[in-house]
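Taking the form predicted on its own, here's one chain by itself in structure tokens.
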């Protein structure tokens, strides 16, 4: 067993103390800190690699493909995709999942135009550059949901090209969900016969399956591929996610790699073999009803946050089925202390399981004090 030298250990101890403090003031980003993967410690002593397609064999057999397939099957059930038609893999996060879905769409429709709203995650603009795909940004409504009138007119002008639509299932800053029922109606009205819809469901993909009146989020409602993060609602010390699509689409990009004996169907070659274990273990821990309870508690906390802020005359709001609580941007000091995400004149709290009502009370009180301090002396 390796024992670090005192200087090295001191450096690690200092870093751990700093990060533990920051973890206690972590309210603005959608990462669940309430997890326990200590049962997986023995696997950290092994060389594991999920290279290649998890549904095919590999010469590199030190992998967790079997567990990964179970994870994909679980998500196929949640997202209402028939298991015999389902294909997917565990990614290193939402950006890779979005890139994979849009890559498939580009391969199916090389002349297609990608449409996405101005509230779409920043990574999509980068993905468009990497794929060299033609794209058009559409205006958003104040809620963060896409502007359907602008979408209609823009598609109408470019109706000679296949439509690739990038749907937000919970926008980054406001938690808004694009209604693909309305998008599909637009495609029907304009007689668009070639289309592909990918959904970025990084956070809300693990919320909407567990609420009574969800917005459209599933394959049976018209999606062709979906990306969900694992380090967000599920919780993980390592960034990860899942991308899910139909196996028939994947056949278009598949090729055989002889020296490792795999089918190359993923974006990366070597892939993390620990994160599938983490997602799998979380489902073993919570089960469907456990996640349902977790989501209900998060939504209750979000309602409390809106009420608490408003009671203190801080205008706060959230979208339907969203745990993202939006309010006016506070001082840089408050943003830094509580690791709040901010954009232009707004900021948000995301009521992940570790975000308590006590934390919300403290943030709200500090925002009130901050506002008073910023007022001119004669106005007090």
Ligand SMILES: Cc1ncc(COP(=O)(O)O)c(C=O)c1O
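Positions refer to the first chain, counted from 1. These numbers come from a predicted model, not from an experiment.
One more form of this protein exists, namely the form predicted together with this ligand; it is left out here, but the text below deals with it.
Q: Considering this ligand in the predicted bound form, which of 276, 205, 101, 94 comes within 4.5 Å of it through any heavy atom?
A: Spelling it out, the residue with a heavy atom inside the cut-off is 94.
Q: Which of these residues, 301, 265, 272, 172, gets a heavy atom within 4.5 Å of this ligand in the predicted bound form?
A: None of the other options qualify; the answer is 172.
Q: I'd like to know whether residue 200 contacts this ligand in the predicted bound form, with contact meaning heavy atoms within 4.5 angstroms.
A: Answer yes; at least one heavy atom of residue 200 falls within 4.5 Å of this ligand in the predicted bound form.
Q: Is residue 121 a contact residue for this ligand in the predicted bound form, using a 4.5 Å heavy atom cut-off?
A: Judged by the heavy-atom cut-off of 4.5 Å, residue 121 is in contact with this ligand in the predicted bound form.
Q: Give a yes/no on whether residue 231 approaches this ligand to within 4.5 Å in the predicted bound form, heavy atoms considered.
A: Result yes; residue 231 sits at the interface with this ligand in the predicted bound form.
Q: Which is the contacting stretch out of 164-172, 145-153, 218-226, 181-189, given heavy atoms within 4.5 Å of this ligand in the predicted bound form?
A: Residues of 164-172 come within 4.5 Å of the partner.
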